[in-house]
Ligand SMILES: Cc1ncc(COP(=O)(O)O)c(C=O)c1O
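What follows is one chain in structure tokens, specifically the form predicted on its own.
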Amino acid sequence: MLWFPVDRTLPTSLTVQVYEQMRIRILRKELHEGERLPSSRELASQIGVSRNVVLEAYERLLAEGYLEVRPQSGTYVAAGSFLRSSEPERTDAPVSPARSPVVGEDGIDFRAAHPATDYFPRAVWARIAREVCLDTPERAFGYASAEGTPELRGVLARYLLQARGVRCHPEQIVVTSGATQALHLITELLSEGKQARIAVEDPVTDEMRTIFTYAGASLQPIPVDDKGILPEKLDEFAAPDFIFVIPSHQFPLGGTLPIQRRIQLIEYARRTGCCIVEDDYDSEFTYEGVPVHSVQGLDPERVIYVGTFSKILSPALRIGYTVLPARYVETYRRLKWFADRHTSTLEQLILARFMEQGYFDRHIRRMRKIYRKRREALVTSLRRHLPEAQILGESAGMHLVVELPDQRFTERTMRRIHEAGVQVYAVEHYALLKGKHEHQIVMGYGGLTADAIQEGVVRLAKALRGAAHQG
């Protein structure tokens, strides 16, 4: 039985505590090479934390080589991970922001990918919901098809072609309970009963990594730069089952993948026989030029396209969708059926009518103006109070990356920022291979007013000056 204490009163996140405890035990050979570790569920129960905390710690240890996964067997301590004469442990490791303490009532949280929920079109939505409940045939209140309602899939196919250049028939669309379910089902689909090998952008959103590792996948980190993934870094001799990319607005670095690299990706997929999974989570919000069309439009038979309404409308609306090559549709529908039978029919019908009557496009235009103003407030404030900052990924989405070349965002630094009443997010947390992004933080502005953004930057600058003064 493996057990160690965790302390919820510490500013250090539970994930970091679990990671550090296990890493130290491996380095000291308290956990031996080749020793089988308890499952994430077992360890979570033994030490009294959620399973996600253990999954994230295991994921980090796997990425750094301390652990290895043996298919159909379990997770083991990797060979060569015992250090005979270790140096003193660092106390300033990069913070894991996903488990950082929540800021107080007057705190300002620059959380990324968080929409302005106060602008949700409640009155219109409520009116359409009433109409749908009153005039929809009785059959709509029973069980429905796993792939979603024809009404929503039809309007989605038309919208995606016009707005994103996605080429598909409505029959190729499966409505899911958000992008989370969509990606989990894709992992099941393409793994074909074995451990999936997935090439992922590095850094990439921790939520996606957790989805893939929870499904038992092995991750191959592929570096990105300010334009997105570097296709030449993909392995020609051990191709993954699929490549996960966010080409329109990479998270977290914010790059837009140029056509040359999109073509390289497709040529690699064709050459090796793997698939590309394209996550298009917030491409509607582009502030400079026009949105770049999807990778799927270049090769609909090689690319699986995933979208969601969580960032455009509200996370409370658990509706996402997957656009599949025809050969995968039936199997994916079956997986969806076994997952939860079908996504809420009434909400699908409300959303379809909301889109058909033009309210969806109107909402996007309105939110684009709001987010543009909030982005401008953040950029202006950063340039005023942190003039040395380099700003990345500001042309689209609801977040940007701030790079301060002379500042390392360590656990200690992030704690000082939090104590100042501000929550920002270290890019290092999203990286599989550590050490390349220690000077960068993610700052989301979608869910903050201009006044809150300005005050938050003032607090951030003050906290960083205090950290620098203390050395």
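From 1 onward, residues are counted along the sequence shown. No experiment lies behind these values; they were computed from the predicted model shown.
Heads up, the form predicted together with this ligand isn't pictured, but that's what we're talking about next.
S.K.: Run the contact test on I263, L265 and Q296 with a 4.5 Å heavy atom cut-off to this ligand in the predicted complex and return yes or no.
M.R.: Verified in the predicted complex; spot residues all out of contact, no.
S.K.: Report whether the minimum heavy atom distance between A144 and this ligand in the predicted complex is within 4.5 Å.
M.R.: Outside the cut-off, so no.
S.K.: Find out whether any non-hydrogen atom of R318 is located within 4.5 angstroms of this ligand in the predicted complex, and reply yes or no.
M.R.: Residue-level check for R318: yes, a contact with this ligand.
S.K.: Using the partner position in the predicted complex, report whether I246 sits within 4.5 Å of this ligand, counting heavy atoms only.
M.R.: Yes.
S.K.: Evaluate F354 for contact with this ligand in the predicted complex, applying a 4.5 angstroms cut-off between non-hydrogen atoms, and reply yes or no.
M.R.: So F354 does not count as contacting this ligand.
S.K.: Choose from 373 to 381, 153 to 161, 302 to 310, 186 to 194 the stretch whose residues reach within 4.5 Å of this ligand in the predicted complex, heavy atoms counted.
M.R.: Checking each option against the 4.5 Å cut-off leaves 302 to 310.
S.K.: Would you kindly say which of I198, V174, I350, A113 lies with a heavy atom within 4.5 Å of this ligand in the predicted complex?
M.R.: Flagged contact: A113.
S.K.: Exactly one residue in D361, D109, E394, E207 has a non-hydrogen atom within 4.5 Å of this ligand in the predicted complex; which is it?
M.R.: Partner contact (heavy atom, 4.5 Å) among the options: E207.
S.K.: Which of the residues spanning 271 to 287 lie within 4.5 Å of this ligand in the predicted complex, based on heavy atoms?
M.R.: Contacting residues: D279, Y281.
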